[in-house]
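Listed next as structure tokens is one chain, alone, in the form predicted on its own.
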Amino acid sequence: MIKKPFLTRREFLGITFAGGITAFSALKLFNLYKNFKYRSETFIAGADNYIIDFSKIILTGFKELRVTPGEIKNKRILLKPNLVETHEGLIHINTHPLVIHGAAEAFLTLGAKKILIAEGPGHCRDSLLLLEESGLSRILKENPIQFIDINYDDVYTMPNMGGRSRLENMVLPKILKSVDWIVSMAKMKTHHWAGVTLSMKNLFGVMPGSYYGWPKNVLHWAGINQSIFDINATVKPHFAIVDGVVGMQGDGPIMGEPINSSLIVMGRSLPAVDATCARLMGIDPYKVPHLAAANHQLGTISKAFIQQRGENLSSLKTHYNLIDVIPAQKGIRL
């Protein structure tokens, strides 16, 4: 267990006013305390393959992150996986169905009232084909879990709470209003336009294609990184679980190559989870525009403010292949 590196308010005031501190040091401590509220925890678990017990892994993560039965009992949980497009056997494109199933079981074990899986695929308009080829249809058939195609759900409008893109409002699926927790279940991948696609970018899939187009062209025109920030600021997701057992490197999110990272990353703060994932991929989160924008606005990406639980980050680091001729991937290595 890593010792907690943060100051309490009492400790901060005691140090500051003890008498022997320089003005410069006091300013540094003030900045540290000011950002104290953004401290976060992430949980990293090793996972060598997709035949292990993901429910057990995720429940261990819940315990480490202090997600209690009291928080989850009688709650409606929406799991938002990354389903883009696929062909059978290409497990590096989408969130693996067994990870999704493990998350559903873990939430039910903590007393969740209902589990919903919702996605608005940005490329493939045939969701039934996507469910079948990804293997998720079997999970849905064998378990009392409902799937909602966000692309065609009824919608409601909210003001854009982020204000980074030129979008004045956000048109969102009504299913978001009927759940208590929104869980982003991303795949660990590089991305042609955003550098990385992790739990924050994964929320593009909550934006209905019937309004935003395919592949969510309105959001591309408004600015991908700005839209990622605005969606997260408006939707305010509750939790992230990233499938990094087999990730994607190179020209993601579809055309890249598989890479074995052999891990799962979890946490309450999506910026902290994504920054941890980026470091595990050998990528500097401060060089990914939407993560840099999220820092101390939606969460933290600073190692000093992320308390790591579970496996050691450095021991599981795998350098993902980046393509320098792709502008979003150029110069973002650690």
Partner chain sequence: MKKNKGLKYIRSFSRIKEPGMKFIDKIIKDIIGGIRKNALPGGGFSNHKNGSYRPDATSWAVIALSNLDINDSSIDSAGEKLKSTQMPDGSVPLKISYPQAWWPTSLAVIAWHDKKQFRNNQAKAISFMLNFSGLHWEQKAPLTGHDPMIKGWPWIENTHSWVEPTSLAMIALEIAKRSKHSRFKEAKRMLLNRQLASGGWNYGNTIVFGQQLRPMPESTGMALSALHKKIDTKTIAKSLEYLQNEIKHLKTPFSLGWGLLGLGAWERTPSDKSNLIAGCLTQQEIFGPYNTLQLSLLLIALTAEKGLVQLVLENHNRT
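Keep in mind that this is a model prediction, so the values were computed, not measured. Numbering follows the first chain given and starts at 1.
A second form of this protein, the form predicted in complex with the partner chain, is not displayed here; the remarks below concern that form.
Within 4.5 Å of the partner chain in the model of the complex, a heavy atom is found for every one of 125, 210 and 214. Looking at 109 to 117, 250 to 258, 180 to 188, 227 to 235, the stretch with residues near the partner chain in the model of the complex, meaning non-hydrogen atoms within 4.5 angstroms, turns out to be 250 to 258.
At the 4.5 Å threshold, heavy atoms of residue 262 stay clear of the partner chain in the model of the complex, well away from it.
Within 4.5 Å of any heavy atom of the partner chain in the model of the complex lies no heavy atom of residue 161. Proximity of residue 176 to the partner chain in the model of the complex falls outside the 4.5 Å heavy atom cutoff. At a distance threshold of 4.5 angstroms between non-hydrogen atoms, residue 131 is in contact with the partner chain in the model of the complex.
Contacts between 218 to 238 and the partner chain, taken as any heavy atom within 4.5 Å in the model of the complex, involve 218, 221.
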